[in-house]
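Before any questions on how it binds or moves, here is one chain, the form predicted alone, in structure tokens.
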């Protein structure tokens, strides 16, 4: 993870501000930085999204390919995650510096998203036990300024919303085997229901309080963080503690309740924004990568 050096005087300044619910950039403890979301930004994918959160930038591309269902769940498809930590994001990722973080992020994303409570995996099944859709989710970290998990989860939800999977037609040949034909009509496609797809909320314990969407400077003052994935109904689907410090039970409870509250309020405006952008079609203003 990208880190910055913070002097003792800066730490005291940050701690006192958070204690009074006034952070260095003027936000409250449960406020996010300015966020920008673009969908359909990579032409050779089935779904894509780019999210900028403060100075953290993440690009997600999703490719759908036909594979074989896993033996334990023959009637479900699945997701595969790969996170690439670009050396452009921070000098610490040069060489093999970002591999460990990439693996850690991939494992967490797998736990959060690759389950039937988050994504309707049954809708990805083509033929039980024989064929299913496998969604390969590639995450590229373009710029790193703290709070990677939240930015990545929002980008994945936006990319899943944007994903268009070709309609499949199954027919039998003369020998009784199955033939799979994919529709070449770009409008004849299947869309995923992303209503239950969770968003991750990361809360950092700084002093006796906790903050949402911590910057690298605030992260340097934090002893431990709690990563919580929350659905639109406020249900917690996954929780993980990171950092070398400890959290007492009362802090864990308070941070969990705050995470549920923040996560629940994050979904409605996100879905509204995605639906508005979708409704614009070709009329939407192209910015960022497509500008």
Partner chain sequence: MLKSKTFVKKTRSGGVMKIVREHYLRDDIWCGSEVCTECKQESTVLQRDACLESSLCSYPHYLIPDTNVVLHQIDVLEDPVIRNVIILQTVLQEVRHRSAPIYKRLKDIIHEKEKHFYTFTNEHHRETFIEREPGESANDRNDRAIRVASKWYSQHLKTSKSDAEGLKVVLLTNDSGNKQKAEESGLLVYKCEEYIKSLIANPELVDRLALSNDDKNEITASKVLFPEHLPLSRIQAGIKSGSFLQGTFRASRDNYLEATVFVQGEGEDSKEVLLQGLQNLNRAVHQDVVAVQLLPRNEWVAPSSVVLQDEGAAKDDEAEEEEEEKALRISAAEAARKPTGKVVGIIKRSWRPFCGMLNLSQIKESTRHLFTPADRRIPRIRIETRQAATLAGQRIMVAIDGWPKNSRYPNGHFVRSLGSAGEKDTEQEVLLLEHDVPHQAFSQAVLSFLPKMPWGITPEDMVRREDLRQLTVCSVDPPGCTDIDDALHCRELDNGNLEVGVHIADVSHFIRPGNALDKEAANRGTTVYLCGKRIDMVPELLSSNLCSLRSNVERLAFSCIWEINHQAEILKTRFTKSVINSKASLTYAEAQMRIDDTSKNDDITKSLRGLNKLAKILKRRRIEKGALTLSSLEVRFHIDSETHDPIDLQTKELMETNSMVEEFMLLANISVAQKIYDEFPDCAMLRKHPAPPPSNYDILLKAAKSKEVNIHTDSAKALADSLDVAKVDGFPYFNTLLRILATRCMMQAVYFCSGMDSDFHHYGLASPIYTHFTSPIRRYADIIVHRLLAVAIGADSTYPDLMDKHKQSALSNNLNYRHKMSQYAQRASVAFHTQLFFKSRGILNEEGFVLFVRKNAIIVLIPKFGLEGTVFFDSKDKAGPNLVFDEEGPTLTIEQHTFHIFDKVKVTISLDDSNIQHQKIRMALIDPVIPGVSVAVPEIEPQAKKPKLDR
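This is a predicted model, so every value here is computed, not measured. Residue numbers count along the first chain shown, from 1.
Below, we refer to the form predicted in complex with the partner chain, which is not included among the displayed structures.
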So, 45, 66 and 185: all three within 4.5 Å of the partner chain in the model of the complex by heavy atoms, or not?
yes
Whether residue 73 contacts the partner chain in the model of the complex should be assessed with a 4.5 Å heavy atom distance threshold; does it?
no
Looking at the partner-bound form in the model of the complex, is residue 179 within 4.5 Å of the partner chain by any heavy atom?
yes
Spell out, yes or no, whether the shortest heavy atom distance between residue 166 and the partner chain in the model of the complex is within 4.5 Å.
yes
Given a 4.5 Å cut-off on heavy atoms, tell me which of 233-241, 57-65, 26-34, 251-259 is the interface stretch with the partner chain in the model of the complex.
57-65
